[in-house]
Each structure stands twice: as structure tokens, then as C-alpha cells.
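Just so you know, structure 1 and structure 2 below are the same protein chain in two forms, each on its own as C-alpha cells.
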Structure 1
């Protein structure tokens, strides 16, 4: 993991709610994931300095924002908070909203023309906020926060109010921010697919606490976190790298911890990182390597353990390659005929699903 840009250990007591969250933010995109009301927005507000009653510590790599003896006011923290309700200034045009932020940044920061072009703001510049659609307003709010030259960018469910198509258009813009502008991003959401498609890391939040913080693959592949992620079915996330492309067949080969996989319809160039989801229902166990099959990918696996969640099906944890994990969902009867037991070697026919925005 890269070095922490922002560390925090914060407390805030309110009637019927207590925040006690400790963690750190690194370069890239960190998703803050949790059920509604678990304190995600409150944590963002504490980090930005908007909750005067918050106790504890916030330390940016450039200096202390908050400690028992220090309190850096909001306007000097320069945490670019993008509110869920955008909070554009209604009396200023889009252009003036952007200029408001740019005029107040101490030095340097993203280039105005670049922000305007990346976010597609040019046709909106002379409009008043009241004349913007939800998606347009979110883009302007994002642009305004960027032009303020923030040290970190805190996004509070920026896509929650948007329909599917608009989300799909804004997500790549958000994805590009850390690399393009060098600003780490904390992204609040309760939508799982946004985490899978956008984030490098996840902070799992529950009841005002950070329950877990790790990279996306580790969190989503750990059974202990499945309930907190919204009772997801057994699955794993693998990170792969494009190593070859076969244009005749339209197939792309990925190297993963579990072995090489071939995928169709993936346009990523060689060397590109690709995130895959392999759900238990997309893994079929067979005892012999098939001479031919309808599946593109067959990997040798070894049974690690067998869970009985109840009902007719078993959850089988498998080891693929030297350290990759895979889950398969198997009916009791099939398990018996496959003679499933820990240590048994089998073949897994798998159908991985490509995540992210590189499709």
C-alpha cells in the first residue's frame, strides 16, 4: 500500500449516534461504503472541518488539521467536499461558480481549461445553476471543487440522484481524477457496483466505525465482509493484467494470480490492469480436464474447505494457482458425485465478468 495522505481518528457524539472512526486515505480512490445512516456523510464533514464538535485527530501529510490542541478552520484545510446536493451558488453563473473557487486557491491547482474539457462544462458556462440538470450540476460541483486546488477530494454520493445513463457518463470522469490531477479521492457510496467499478480501496463503515479498510479485491473476496457488503453471494475479485490479444478470435489473455484467463470483447491494451469478478454461480466444477467445453477458461483448483449455508447447496472454497481463492456453489448431490473433500484436485470451468469502466 502506498503512503497515507490523510490519517484520522475522529469521534463525534450525537443523540442516538456515535462516530468513532479511525483510518487513512492513500493516493487513488478510496470508497467509503456503508448502509444509509452509518455515518459516512458525518465522517466527510468531520474531515472537512464542518463539525466543530468533532474530537480526535486529523493529519494531512502537509500538516495537522486537527488535534486536541489544534483546529485548522475549514477554509484553510482545503478539503474539496462535493456535497450530495451540489450547493452551487445560485446567484452566480457556472463560470462564476468555477471562478469563485479558482480565485481563492492559495497556489497552483488543476488547470481551468483542462477541468472544463475533462468534465464537459464548456456548454454550461453561462447558465445559472437553476437551469442545470442533476447530472450537469454534479459535474459543475465536481469542477468547482477541483478548481479550488483541494488537497483531497471528498465526494458525498455524487451519483445517487442520477439515472443510470448519466452515472455511466460521469464515472469515468471521476475515475480519471487521481491520476490526471494527482488528488486522492474519498468517495462515499452505498452502491456496490460503484465501489467495484471505481475504487482502488474500500473503507467499510458500520455504526459509525470503520469496520475494515483494504483493497477492493481483498474486501470483496473475504466471506466475513459479505454481510456488510449487502449479503452478497460468494464471489471473488481478481486483478489481472492484459498480456496478449488475439485479434482473429477477438480474445484477450489476462495474467492473474489464479492463472491465465481468456476473455472476449475486452478492448483493453496490453499491460492494462483489469478487474474481474468471479461469482460462485459462474464456477462449474468437473473432475477431469474436459477435452472440449463451452467455457473458455478451465483452471486446475484444489478444494480448501466446504461450507454448508443451509438449503440444498454447498459453498466450496477453492485454491487456484499458488494463492488465489475461488468460490463455487455446488448442489449436495453434485458434491457427492464429485467426492468433494478438502485437498481434492479438480478443474474449474469459470466465466469471469469484467468490471470497471474499460469496456
Structure 2
């Protein structure tokens, strides 16, 4: 586990709501995920110093932002805030909005030309905010926040007002920020695909509290957290590393904890890490290794346990390799034909989905 960049233990009481959230922000992108009204935006405002009535502690690696005896104002915390409504200065051009942020930063921060290049802002510099599309305005808002020289970026559902296509175009830009500029992100969202495509870690929030905090694979692969994620169907997240390319057949081979998988249409270079989602509906169990089939991937698995959620289907937890988990959704009749029981060895034909290919 990497070292914490920001630690917090905060409380805020309002009529009908109480925030009592503790956690830490590490390098990379942490998604703050939860249903509307659970306190995500309130927590961001507390971290930024916008809620003067908040009690508790906020400690950045550069020093204490808040304690029982100390309170740093917003400008001294240097937490960059980006909201879904962008809040650009309407009377200033894009160039002037960026320059305003750059002039006000205390010292240091990302290079202006690099920010403009990474976010593709050069064609927009002379426009006013009213002449920008929603996606363009969000890119400018990100650029302005970066040029303010933030220690952390706090993004409050920045893509919520955009259509799906514009979201997919901006997400790679957000994903590149921590590595390109060395700035950690706390990213508020209630869209699961944004978490899966963007985040390194997840904070699950419910009723003003952090209910869980772990890496994306651990959260999404754990049945106990599926209800908090919106009652998702059984699934796992696997990390894979590209180990071979077959250009003749257009296949890429990944090494995973569950075994080697072959995927088509993946152009990642050797050594690159790839995140895979394998839903229970994309796993087919068979008794023997197939001599020939339309499935590219067949892995030996062992039944760990069988859940009966109701209806005609069973949820089967499987072990693949020495430590990887899979889930399969199996009709009761098929389960009887396969003689499913814990310890039974089978073959799993799987169809993984690669996440984050929008870049």
C-alpha cells in the first residue's frame, strides 16, 4: 500500500444529516462512490475548507490543514475543486481563465504549455465560456484547476452533465493527471463504469460514513459490497499484464492470477497492465476441456461454493489458478447435469471485458 497523501477524520452535523467520515487519500485516483445524498459533496467541501462548521482533522503530507487548534483557509490548503457546472468566469476567455488561476497560485505547479497540450486546449484559448461545448468547458475547468498548483484535486461529478460520448473522451484525460502531473485525485461519482475505468481505489460512502476503502478489484469482486454498488450482478475484476502479441491472428495474450487469457482487438504493448471485468453471465461451465469451440479462453476451475439467490439460477463461486476468483451464473438444470458441488473440478469458458479502452 502506498503512503497516504491526505488523512481525514471529519464530522459535520446538519438538520437530518450527520457526516462522520474517516479515511485517507493515496497517490493516483480514488473514487468516492455512493448514492445521492450520502454526503460525498459535503465531504469534498469539508476537505477543501469550505465548511467552517466541520470538526475533526485533515492532515496533508505537507502539514495539518485542520485540527482542534488549527484551521487553514481554502487558499492555503490548495485543494483544486472541479464541479459539474465548471464555474468558469463568463466574461473571461479561456486563455484569461487559465491565466487567472496561474497568477493566483502561491508557487510551483504544472507547466502551462503542458496542461494546454495534455487537455487539448490550444484551439479554445480565444473563446468565451459561452461558446464552449459541455465537454470543452470541463476540459478548461480541469486546466484552470491544475494551473492553480493544487496539492490534491477534488472532482465533484465533473462529467455528470455530459452525454456518454463526451464522457468517454474526457475520461482518458482525467486518468492521465496523476502520472503526468503527480497530483492525487478524489473523484466523486455515482456511475460505476467511471469507477471501473478511472479509479485505482474506491471509498464506498453511505449515510455520511466511509463504509469501505480498498482497491477497485477488491471492492467490486467482494459479494458483501455488491448491494452498496447498486446490487450489481456477480462479477470479478482481474488485473492482467500483456505478455505476447499474435499479429497474424490479431490476438493479445495476458497473464493473470487465474491463468493466461487471449483477447482480440487489444493493442496494448507488452508489459502494460490491463484491467478486466468478468461477469458471471460471461462464464460458461463445462465438464471437459473443449476440443474446439468459439470461446478463446478456457480455464480449469474448482467449485468453492454455491449460492441460491432465488429463481431458476444459482451463483457459483469458482477458484481459478492458485488465488483468483470467478463467478458463474448457472441454471438449476445445468447445475444438476454438471453435478455441481464444492470441490468439483470443471472448465470455465470465459469472455472477459477490457476496461478503460476509451483512450
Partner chain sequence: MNLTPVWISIQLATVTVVVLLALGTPLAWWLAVTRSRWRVPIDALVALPLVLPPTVLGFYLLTLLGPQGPIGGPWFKVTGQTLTFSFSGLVIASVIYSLPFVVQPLRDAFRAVGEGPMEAAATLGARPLDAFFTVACPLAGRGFLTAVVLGFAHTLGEFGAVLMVGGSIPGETRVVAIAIYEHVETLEYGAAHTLSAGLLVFSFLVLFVVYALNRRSRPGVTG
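Numbering follows the first chain given and starts at 1. Think of the rigid core as the biggest set of C-alphas that the two forms share within 1.5 Å after superposition. Keep in mind it's a predicted model, so treat the numbers as computed, not measured.
Asks: With each form of the chain shown alone, which structure should be assigned as the form predicted alone?
Replies: Pick structure 2; the other is not the form predicted alone.
Asks: Once the core is aligned, does residue 92 move its Cα by at least 2 Å between structure 1 and structure 2?
Replies: Yes, because once the rigid core is superposed, the C-alpha of residue 92 moves 2 Å or more between structure 1 and structure 2.
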